[in-house]
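Given next, in C-alpha cells, is a single chain: the form predicted on its own.
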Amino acid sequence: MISKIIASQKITEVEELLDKYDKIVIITHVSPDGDAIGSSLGLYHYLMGLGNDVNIIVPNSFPDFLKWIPGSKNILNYERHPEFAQKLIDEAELIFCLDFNIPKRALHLGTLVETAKGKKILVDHHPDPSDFCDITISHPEISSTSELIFRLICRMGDFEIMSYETATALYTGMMTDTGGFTYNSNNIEIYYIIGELLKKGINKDQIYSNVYHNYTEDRYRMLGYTLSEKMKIYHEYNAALVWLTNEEQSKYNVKKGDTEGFANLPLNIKGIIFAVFIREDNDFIKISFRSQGSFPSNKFASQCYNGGGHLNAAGGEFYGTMEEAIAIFEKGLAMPEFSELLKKNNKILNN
C-alpha cells in the first residue's frame, strides 16, 4: 500500500469535474522533458479510456528519445499550430496543467490557460505553485509529476482499469525525472509503485533502452568535446561547470534533448558536490543545476538566476551573454552561504 498523499477533498473535486466534463486539454511546461511527456501521456490514456475527448498541447518540441511512448504522435506542438492550439484551449471544458508551477513556465500556453473559461487542475511537484487553477495538487516531496498522476488514478479507484499504455508512460516519467532512480528516489513507496506498474506488463529494461540508448553519433561526439574542452573544475568549491554556445552545438547538429544529462556528468568526479550546465539557446541561456547531499541547487538557482526546482535538481534561464551567465555562477560560488555549504557537504559525503 502507498500513503494517501493527496487530500481526500481534492480527489473528490477532481472526480466531480471528470463526471461533469469530457472535453479536456492537457498542457505542459516549455521544452517538455520525460516527466512532462510521461505524466501527460499517462493521464491522456487514462482519460481516453474513460471515454473523454482529450488533447495534449506542448509549448514547443520535445526530444526524439521520448517519441516512442504510446500516443506521442498525437501531441500537438503549439509552435507549429498556434491557432488550432488556441481553439482547443478556448473550447476545453477542463484543462490539466502538468509538471509546472507557474503559468510563465508554459510560455504562450500559460497565458492562454490563464484566460481560458474551462476549469483548471494543476498537478505538479515543484515548490511554490501560484494560484491560477481551480484545483491545485502540489507535492514537492514527491519524485515526479508522473508519480502524482499514478497516485491520483489509484485514489480515484481506477488502478484496475489502468492500461499498459498509461503504465508505460508513467514509468518513463518517473525514471527520467530521477535520473534512472539515482536521485530524489529514496522513498520506499516509489519502488512499490514500480512493482504495481510491472503488473501492467511494462518492460522497464526496454523503456530504459528506449530512452538512454537512443542517441545519435553526433550527440556523443559533442559530449566528448564538452567534457574535454568545455568543463571547468572549481576545486576550492567542490563544483564544476560545463557550457556550450549555439555555434558549438550547431557543429554537432544538435537536436532537442541531445544535451539531456550533461548537467549530471561532473557529479561522477570524486569530490564534486555541485554541477552546472549552461547552454545557449535561441533567445536565452538555459541553465541546469545538479547537486549531491543537502546542497540546495534550487536555492542557488533562485538566488542567482531567478530559477527554481528541487534540492538536487533545478533550472533557470538567463537573458544576457554567456560570459555574463558564467560570471554570475562564479560569483554565486564565492558567496559564503554557498561556499560553506559546499565544503560542509564534501566533508559529510567523504567521511
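Just so it is clear, the structure is predicted and the values come from calculations on it, not from any experiment. Residue numbers here begin at 1 and follow the sequence given.
This next part talks about the form predicted in complex with ligand 5GP, which is not shown.
The partner is absent here; in the predicted bound form, the one residue of 308, 70, 293, 49 having a heavy atom within 4.5 Å of ligand 5GP is 308. Here is the short version: of 314, 66, 26, 304, the single residue with a heavy atom within 4.5 Å of ligand 5GP in the predicted bound form is 314. The shortest heavy atom separation between residue 299 and ligand 5GP in the predicted bound form exceeds 4.5 Å.
Ligand 5GP in the predicted bound form comes within 4.5 Å of no heavy atom belonging to residue 151.
With ligand 5GP omitted here, the record of contacts in the predicted bound form names 283-291 of 55-63, 41-49, 322-330, 283-291, defined by a heavy atom within 4.5 Å. Taking ligand 5GP as positioned in the predicted bound form, the only residue of 114-141 that brings a heavy atom within 4.5 Å of it is 126.
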